[in-house]
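Here you get one chain, nothing else, as structure tokens; it is the form predicted alone.
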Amino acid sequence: MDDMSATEVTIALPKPAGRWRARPRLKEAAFALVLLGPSMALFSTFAFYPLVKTFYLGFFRSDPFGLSSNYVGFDQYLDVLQSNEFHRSLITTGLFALFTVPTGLVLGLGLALLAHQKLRGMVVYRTIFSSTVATSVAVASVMWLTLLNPSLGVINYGLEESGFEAVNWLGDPDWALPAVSLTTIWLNLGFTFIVILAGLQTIPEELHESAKIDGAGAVSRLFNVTLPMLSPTLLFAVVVLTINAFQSFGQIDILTQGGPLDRTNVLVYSIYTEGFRNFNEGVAAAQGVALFLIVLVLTLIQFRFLERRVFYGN
């Protein structure tokens, strides 16, 4: 026999390309899971589990002492949604959001436009305008509690010196909600100012120069150049301020505790009252789920309708 015929010839067949492609992808997926593991564990512990637990507690009705619980299904959710207390708290929360969100947005925009000017010493004013972002809710509430004091407050002193009567800001049912709203506006003003100022600094100066060459005045440049380019930032600020308004608790607890006559009893404070004062975990959980759904729907509506007016420049 020929030597060539006795030699075994091995032919290397190409391996399927799918296996070689799958292995790097599996490695990347495993590495991604390792990196995401700590974050997912934190979210599961402090966000997902409390949400599921809250929804679960809404199916049980507690006795007046908060000890025993009876399964009632969705009946408790229906009772909460149909109760007059929930409706009043929802209306109060809506008014609170109407008082704080538009006013805070306009003031933050005005201060940001002012601080965006290239003037000497503007860094000092930027620091002053943004200082409230470092103030805690407790400190801001105590400060405004002193300012709004009917006897010793600076605001009433200024009113009396101007010839007006003093106002019981936190004790008068007609003025309590505006007073708490004023505190909230001041508290969120630093955040709004920083966000809008950062958005202003991303607008190219060439656009303003081109508008000036075309003969556009300051007002025309504001509405035709600045605000359209700033619209994504404004949308973000509106969404965040709305969520903060529906989640406000600390300033209401310190200033009014939901009073007088439940005029400042927003949904979050109503949840706190039912859960930690009345020991009615079921009702508090049902209100918490309702608040979550309301905030979710409002956020989706804002993105659905306001995003149409948002201009994303290239």
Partner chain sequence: MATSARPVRKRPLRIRRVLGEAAQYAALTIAAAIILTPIYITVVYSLQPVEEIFSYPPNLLVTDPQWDTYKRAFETGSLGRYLINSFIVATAITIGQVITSVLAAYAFAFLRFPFRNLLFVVFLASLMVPWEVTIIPNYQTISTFGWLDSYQGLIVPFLATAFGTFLLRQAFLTVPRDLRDAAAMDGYGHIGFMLQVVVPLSRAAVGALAVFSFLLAWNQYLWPLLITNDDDYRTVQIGLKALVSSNIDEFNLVMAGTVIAAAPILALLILFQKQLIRGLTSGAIKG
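Residue numbers count along the first chain shown, from 1. Owing to the predicted nature of the structure, the values given are computational and were not obtained by experimental measurement. Rigid core (definition): largest C-alpha set, two forms, superposition within 1.5 Å.
What comes next is about the form predicted in complex with its partner chain, which does not appear here.
In the predicted bound form, no residue of the candidate spot (Y71, P178 and V238) has a heavy atom lying within 4.5 Å of its partner chain.
For the options T100, S130, T226, S89, the one in contact with its partner chain in the predicted bound form, meaning a heavy atom within 4.5 Å, is S130.
Its partner chain is not shown here, but in the predicted bound form it comes within 4.5 Å of a heavy atom of S136. Using a 4.5 Å cutoff between non-hydrogen atoms, R126 counts as a contact of its partner chain in the predicted bound form. In the predicted bound form, its partner chain lies within 4.5 Å of some heavy atom of T146. In the predicted bound form, its partner chain sits within 4.5 Å of a heavy atom of E160. The candidate stretches are 205-213, 138-146, 92-100, 75-83, and the one lying within 4.5 Å of its partner chain in the predicted bound form by heavy atoms is 138-146. Shown without its partner, the chain has V268, I271, Y272, G275, F276, E281, A284, A285 in segment 256-285 as residues with a non-hydrogen atom within 4.5 angstroms of its partner chain in the predicted bound form. After superposing the rigid core, the C-alpha of F276 moves by less than 2 Å between the shown form and the other one. Core-superposed comparison between the shown form and the other one: the Cα of F31 travels 2 Å or more. Core-superposed comparison between the shown form and the other one: the C-alpha position of V52 differs by less than 2 Å.
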